[in-house]
Ligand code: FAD
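Before any questions on binding or motion, here is one chain by itself as C-alpha coordinates, the form predicted alone.
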Amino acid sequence: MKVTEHIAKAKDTLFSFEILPPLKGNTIDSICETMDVLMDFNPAFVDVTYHREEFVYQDQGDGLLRKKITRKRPGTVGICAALGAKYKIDTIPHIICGGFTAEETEDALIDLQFLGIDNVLALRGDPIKSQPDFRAEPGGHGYASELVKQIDKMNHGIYLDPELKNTEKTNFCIGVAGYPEKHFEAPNLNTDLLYLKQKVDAGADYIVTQMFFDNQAFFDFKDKCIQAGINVPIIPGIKPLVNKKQLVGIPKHFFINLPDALVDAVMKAKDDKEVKNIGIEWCIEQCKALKAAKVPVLHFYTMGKSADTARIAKEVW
(Lines give C-alpha, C1' and ligand atoms only; values in the text may rest on other atoms or scores of the structure.)
Protein backbone atom coordinates (compact mmCIF):
# COMPACT_ATOMS: atom_id res chain seq x y z
CA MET A 1 0.00 0.00 0.00
CA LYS A 2 1.20 3.51 -0.77
CA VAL A 3 2.17 5.90 2.02
CA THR A 4 -0.50 8.31 0.84
CA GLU A 5 -3.10 5.53 1.03
CA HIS A 6 -2.05 4.68 4.58
CA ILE A 7 -2.48 8.34 5.51
CA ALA A 8 -5.85 8.66 3.77
CA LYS A 9 -7.24 5.60 5.59
CA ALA A 10 -5.86 6.45 9.05
CA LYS A 11 -8.07 7.84 11.79
CA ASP A 12 -5.11 8.78 13.99
CA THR A 13 -1.41 9.59 13.69
CA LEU A 14 0.51 6.63 12.30
CA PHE A 15 3.79 5.18 13.55
CA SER A 16 6.73 4.45 11.23
CA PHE A 17 10.48 4.21 11.49
CA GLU A 18 13.73 4.05 9.56
CA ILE A 19 16.39 1.38 9.86
CA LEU A 20 19.98 0.99 8.72
CA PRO A 21 21.15 -1.95 6.61
CA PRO A 22 23.55 -4.18 8.57
CA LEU A 23 27.28 -3.67 8.22
CA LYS A 24 28.82 -5.61 5.36
CA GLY A 25 29.46 -9.20 6.41
CA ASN A 26 26.64 -9.24 8.96
CA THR A 27 23.27 -10.90 8.55
CA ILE A 28 19.77 -9.47 8.55
CA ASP A 29 19.35 -10.66 12.16
CA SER A 30 20.26 -7.25 13.59
CA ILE A 31 17.45 -5.65 11.59
CA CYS A 32 15.01 -8.34 12.66
CA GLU A 33 15.83 -7.65 16.31
CA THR A 34 14.79 -4.04 15.77
CA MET A 35 11.73 -5.04 13.78
CA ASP A 36 10.60 -7.58 16.39
CA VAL A 37 10.59 -4.91 19.09
CA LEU A 38 8.85 -2.20 17.07
CA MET A 39 6.24 -4.35 15.31
CA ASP A 40 4.29 -4.30 18.60
CA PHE A 41 3.34 -0.70 17.76
CA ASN A 42 1.78 -1.59 14.41
CA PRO A 43 3.99 0.50 12.11
CA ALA A 44 2.41 1.54 8.85
CA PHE A 45 5.70 1.26 6.95
CA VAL A 46 9.45 1.08 7.45
CA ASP A 47 12.18 2.95 5.57
CA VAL A 48 15.49 1.30 4.71
CA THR A 49 18.40 3.68 4.16
CA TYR A 50 21.00 3.42 1.44
CA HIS A 51 24.68 4.09 2.04
CA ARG A 52 26.64 4.80 -1.12
CA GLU A 53 30.14 3.58 -1.86
CA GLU A 54 33.28 5.32 -0.68
CA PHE A 55 36.71 5.46 -2.31
CA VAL A 56 40.01 4.65 -0.63
CA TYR A 57 43.48 4.83 -2.12
CA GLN A 58 45.80 1.93 -1.36
CA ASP A 59 49.58 2.26 -1.56
CA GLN A 60 50.88 -0.39 -3.98
CA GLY A 61 54.45 -0.07 -2.69
CA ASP A 62 55.92 1.41 -5.84
CA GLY A 63 54.91 4.99 -5.24
CA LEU A 64 51.58 4.45 -6.96
CA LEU A 65 48.13 4.51 -5.41
CA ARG A 66 45.26 2.27 -6.45
CA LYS A 67 41.71 3.57 -6.19
CA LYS A 68 39.43 1.03 -4.55
CA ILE A 69 35.66 1.19 -4.06
CA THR A 70 34.42 0.17 -0.63
CA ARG A 71 30.89 -0.29 0.61
CA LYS A 72 30.20 -0.58 4.33
CA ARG A 73 26.56 -1.63 4.06
CA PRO A 74 24.62 -3.61 1.44
CA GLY A 75 21.86 -2.11 -0.67
CA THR A 76 18.20 -1.84 0.16
CA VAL A 77 16.36 -3.80 -2.53
CA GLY A 78 16.98 -7.26 -1.06
CA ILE A 79 16.45 -6.03 2.50
CA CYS A 80 13.13 -4.41 1.63
CA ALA A 81 11.95 -7.56 -0.14
CA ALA A 82 12.99 -9.77 2.79
CA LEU A 83 11.36 -7.56 5.44
CA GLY A 84 8.18 -7.20 3.41
CA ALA A 85 7.88 -10.96 3.06
CA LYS A 86 8.71 -11.74 6.69
CA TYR A 87 6.67 -9.04 8.42
CA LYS A 88 3.95 -8.30 5.82
CA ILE A 89 4.76 -4.62 6.03
CA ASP A 90 5.26 -1.93 3.40
CA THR A 91 8.94 -1.16 2.99
CA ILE A 92 10.38 2.02 1.51
CA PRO A 93 13.82 1.88 -0.06
CA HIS A 94 15.89 5.04 -0.27
CA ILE A 95 16.86 5.79 -3.87
CA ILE A 96 19.77 8.21 -4.18
CA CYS A 97 21.41 10.14 -6.99
CA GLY A 98 24.98 9.72 -5.83
CA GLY A 99 26.91 6.86 -7.39
CA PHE A 100 24.26 5.89 -9.96
CA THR A 101 23.63 6.62 -13.61
CA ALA A 102 20.07 7.19 -14.77
CA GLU A 103 20.17 3.76 -16.43
CA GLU A 104 21.19 2.07 -13.17
CA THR A 105 18.41 3.92 -11.37
CA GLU A 106 15.90 2.72 -13.95
CA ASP A 107 17.06 -0.88 -13.51
CA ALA A 108 16.72 -0.63 -9.72
CA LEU A 109 13.21 0.78 -10.05
CA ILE A 110 12.22 -2.03 -12.41
CA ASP A 111 13.46 -4.56 -9.85
CA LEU A 112 11.41 -2.84 -7.13
CA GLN A 113 8.31 -2.90 -9.33
CA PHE A 114 8.76 -6.64 -9.93
CA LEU A 115 8.99 -7.17 -6.17
CA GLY A 116 5.72 -5.31 -5.58
CA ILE A 117 7.37 -2.43 -3.69
CA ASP A 118 5.39 0.67 -4.53
CA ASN A 119 6.96 3.36 -2.30
CA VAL A 120 10.37 5.01 -2.70
CA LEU A 121 12.12 7.89 -0.98
CA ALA A 122 14.04 9.92 -3.57
CA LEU A 123 17.14 11.67 -2.23
CA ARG A 124 20.17 13.36 -3.68
CA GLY A 125 22.42 11.74 -1.08
CA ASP A 126 25.54 13.01 0.63
CA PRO A 127 28.94 13.60 -0.95
CA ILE A 128 31.52 10.90 -0.32
CA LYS A 129 34.10 11.69 2.35
CA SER A 130 36.93 12.12 -0.14
CA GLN A 131 35.08 14.93 -1.98
CA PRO A 132 34.39 18.42 -0.63
CA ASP A 133 30.92 18.60 -2.16
CA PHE A 134 28.38 16.44 -3.94
CA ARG A 135 29.30 15.36 -7.45
CA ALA A 136 26.85 13.61 -9.73
CA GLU A 137 27.82 10.36 -11.37
CA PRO A 138 28.50 10.84 -15.11
CA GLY A 139 25.15 10.14 -16.71
CA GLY A 140 23.42 10.45 -13.33
CA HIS A 141 21.38 13.06 -11.51
CA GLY A 142 22.75 16.01 -9.58
CA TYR A 143 19.50 16.92 -7.82
CA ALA A 144 16.69 15.02 -6.14
CA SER A 145 14.18 16.87 -8.34
CA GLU A 146 15.77 15.23 -11.40
CA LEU A 147 15.49 11.82 -9.77
CA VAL A 148 11.82 12.48 -8.95
CA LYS A 149 11.21 13.43 -12.58
CA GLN A 150 12.67 10.13 -13.76
CA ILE A 151 10.50 8.13 -11.38
CA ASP A 152 7.42 10.14 -12.33
CA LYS A 153 8.10 9.54 -16.02
CA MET A 154 8.25 5.81 -15.38
CA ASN A 155 4.91 6.16 -13.59
CA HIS A 156 3.64 7.48 -16.92
CA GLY A 157 5.25 4.67 -18.91
CA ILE A 158 8.17 6.77 -20.16
CA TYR A 159 11.51 4.97 -19.99
CA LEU A 160 14.99 6.16 -20.95
CA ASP A 161 15.05 4.27 -24.24
CA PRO A 162 12.63 6.11 -26.57
CA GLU A 163 12.43 3.08 -28.84
CA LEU A 164 10.75 0.93 -26.20
CA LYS A 165 7.17 0.19 -27.21
CA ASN A 166 4.14 -0.79 -25.12
CA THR A 167 5.92 -0.07 -21.85
CA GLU A 168 4.03 -0.60 -18.62
CA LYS A 169 3.57 2.24 -16.18
CA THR A 170 5.14 1.88 -12.78
CA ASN A 171 3.09 2.91 -9.76
CA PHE A 172 5.51 4.38 -7.24
CA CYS A 173 4.48 6.68 -4.42
CA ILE A 174 7.38 9.12 -4.23
CA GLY A 175 8.63 10.62 -0.98
CA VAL A 176 11.20 13.40 -0.68
CA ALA A 177 13.09 15.07 2.16
CA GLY A 178 12.21 18.42 3.72
CA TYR A 179 14.23 20.55 6.12
CA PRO A 180 12.33 22.61 8.72
CA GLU A 181 15.55 24.53 9.48
CA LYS A 182 16.70 24.46 5.82
CA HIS A 183 19.23 22.26 4.07
CA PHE A 184 22.75 23.35 4.99
CA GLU A 185 23.61 24.10 1.35
CA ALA A 186 20.63 26.43 0.84
CA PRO A 187 21.29 30.15 1.45
CA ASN A 188 18.03 30.54 3.39
CA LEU A 189 14.77 28.76 4.16
CA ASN A 190 12.82 30.52 1.41
CA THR A 191 15.28 29.28 -1.21
CA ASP A 192 15.14 25.79 0.26
CA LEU A 193 11.35 25.87 -0.02
CA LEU A 194 11.67 26.72 -3.71
CA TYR A 195 13.80 23.61 -4.17
CA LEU A 196 11.29 21.56 -2.21
CA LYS A 197 8.44 22.82 -4.38
CA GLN A 198 10.44 21.79 -7.45
CA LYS A 199 10.49 18.24 -6.11
CA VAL A 200 6.75 18.29 -5.43
CA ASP A 201 6.00 19.80 -8.84
CA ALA A 202 8.17 17.07 -10.38
CA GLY A 203 5.90 14.40 -8.91
CA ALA A 204 6.64 13.91 -5.20
CA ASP A 205 3.64 12.64 -3.23
CA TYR A 206 4.77 13.30 0.33
CA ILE A 207 7.54 14.87 2.39
CA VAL A 208 9.38 13.46 5.40
CA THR A 209 11.42 15.95 7.37
CA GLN A 210 14.87 16.03 8.86
CA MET A 211 14.83 15.59 12.63
CA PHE A 212 14.08 18.64 14.77
CA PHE A 213 13.82 19.27 18.48
CA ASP A 214 11.62 22.37 18.46
CA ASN A 215 8.06 21.67 17.32
CA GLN A 216 7.55 25.31 16.47
CA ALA A 217 10.19 24.94 13.76
CA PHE A 218 8.07 22.16 12.22
CA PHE A 219 4.80 24.08 12.50
CA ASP A 220 6.38 27.19 10.96
CA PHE A 221 7.86 25.04 8.18
CA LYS A 222 4.47 23.49 7.46
CA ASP A 223 2.83 26.93 7.27
CA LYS A 224 5.53 28.18 4.90
CA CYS A 225 5.04 25.10 2.72
CA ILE A 226 1.34 25.85 2.40
CA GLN A 227 2.12 29.48 1.55
CA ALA A 228 4.54 28.23 -1.13
CA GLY A 229 1.82 26.05 -2.69
CA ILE A 230 3.13 22.76 -1.30
CA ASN A 231 0.08 20.73 -0.35
CA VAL A 232 1.29 17.13 -0.04
CA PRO A 233 1.40 15.38 3.37
CA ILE A 234 4.35 16.40 5.54
CA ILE A 235 5.65 13.74 7.93
CA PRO A 236 7.80 14.90 10.85
CA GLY A 237 11.05 13.00 11.41
CA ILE A 238 11.84 12.28 15.05
CA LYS A 239 14.96 11.28 16.96
CA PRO A 240 15.71 11.56 20.68
CA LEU A 241 18.94 13.04 22.00
CA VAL A 242 20.64 10.30 24.03
CA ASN A 243 24.12 11.48 25.07
CA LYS A 244 25.98 14.68 25.82
CA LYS A 245 28.27 14.38 22.78
CA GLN A 246 25.25 14.97 20.58
CA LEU A 247 25.11 18.58 21.76
CA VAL A 248 28.00 19.07 19.36
CA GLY A 249 27.46 16.16 16.96
CA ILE A 250 23.85 16.85 15.97
CA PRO A 251 24.33 20.53 15.04
CA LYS A 252 27.62 19.69 13.30
CA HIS A 253 26.41 16.76 11.21
CA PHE A 254 22.73 17.63 10.70
CA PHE A 255 22.89 21.45 10.83
CA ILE A 256 19.95 21.87 13.18
CA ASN A 257 19.43 23.87 16.35
CA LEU A 258 18.78 22.50 19.82
CA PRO A 259 16.37 24.43 22.08
CA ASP A 260 17.87 26.28 25.03
CA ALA A 261 15.78 24.40 27.59
CA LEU A 262 16.95 21.03 26.26
CA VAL A 263 20.59 22.09 26.13
CA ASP A 264 20.46 23.52 29.65
CA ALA A 265 18.95 20.32 31.05
CA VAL A 266 21.53 18.14 29.30
CA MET A 267 24.43 20.32 30.44
CA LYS A 268 23.32 19.88 34.06
CA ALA A 269 23.04 16.09 33.78
CA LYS A 270 25.63 14.12 35.76
CA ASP A 271 26.05 11.32 33.20
CA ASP A 272 24.79 10.00 29.86
CA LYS A 273 22.19 7.80 31.54
CA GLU A 274 20.53 10.92 32.86
CA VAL A 275 21.01 12.61 29.47
CA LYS A 276 19.19 9.76 27.76
CA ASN A 277 16.24 10.06 30.16
CA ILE A 278 16.10 13.81 29.53
CA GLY A 279 16.26 13.33 25.75
CA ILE A 280 13.61 10.63 25.68
CA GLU A 281 11.24 12.58 27.92
CA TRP A 282 11.72 15.62 25.69
CA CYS A 283 10.94 13.48 22.64
CA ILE A 284 7.83 12.02 24.28
CA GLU A 285 6.47 15.50 24.91
CA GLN A 286 7.36 16.50 21.36
CA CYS A 287 5.48 13.52 19.96
CA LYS A 288 2.43 14.05 22.14
CA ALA A 289 2.16 17.65 20.96
CA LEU A 290 2.65 16.68 17.31
CA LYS A 291 0.08 13.91 17.62
CA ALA A 292 -2.36 16.37 19.21
CA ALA A 293 -1.78 18.61 16.19
CA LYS A 294 -2.86 15.65 14.03
CA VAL A 295 0.31 15.13 12.02
CA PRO A 296 -0.25 12.21 9.63
CA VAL A 297 2.69 10.09 10.79
CA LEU A 298 5.47 10.21 13.37
CA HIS A 299 8.55 8.82 11.67
CA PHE A 300 11.43 7.72 13.91
CA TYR A 301 15.09 7.63 13.00
CA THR A 302 16.05 4.63 15.12
CA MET A 303 19.77 4.40 14.24
CA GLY A 304 19.55 0.78 15.35
CA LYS A 305 18.30 1.68 18.85
CA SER A 306 14.86 0.10 18.96
CA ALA A 307 14.56 0.26 22.76
CA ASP A 308 14.59 4.07 22.77
CA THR A 309 11.95 4.27 20.05
CA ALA A 310 9.82 1.63 21.78
CA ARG A 311 9.93 3.54 25.06
CA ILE A 312 8.70 6.67 23.30
CA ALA A 313 6.03 4.89 21.27
CA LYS A 314 4.67 3.19 24.38
CA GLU A 315 3.98 6.60 25.92
CA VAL A 316 2.53 8.17 22.78
CA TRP A 317 0.25 5.42 21.40
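Note that the structure is a prediction, hence the values are computed from the model and not measured. Residues carry their position along the shown sequence, with the first being 1.
Quick note: we don't show the form predicted together with the ligand, though the next part is all about it.
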>> With the partner left out here, check for me: in the predicted bound form, does some heavy atom of residue 301 sit within 4.5 Å of the ligand?
In response: yes
> Is the gap between residue 152 and the ligand in the predicted bound form 4.5 Å or less for some heavy atom pair?
Replying inline: no
>> Quick check on residue 159: any heavy atom within 4.5 Å of the ligand in the predicted bound form?
In response: no
>> Although the partner isn't part of this model, could you tell me whether residue 136 comes within 4.5 Å of the ligand in the predicted bound form, counting any heavy atom of the residue?
In response: no
> Of 243, 113, 101, 198, which residue is found within 4.5 angstroms of the ligand in the predicted bound form when only non-hydrogen atoms are counted?
Replying inline: 198
>> Looking at 105, 91, 170, 210 here, can you tell me which has any non-hydrogen atom within 4.5 angstroms of the ligand in the predicted bound form?
In response: 210
> With the partner removed from view, which of 77-85, 162-170, 213-221, 140-148 is the stretch that lies within 4.5 Å of the ligand in the predicted bound form, judged by heavy atom distances?
Replying inline: 140-148
> Which residues in 96-122 have a heavy atom within 4.5 Å of the ligand in the predicted bound form?
Replying inline: 96, 121, 122
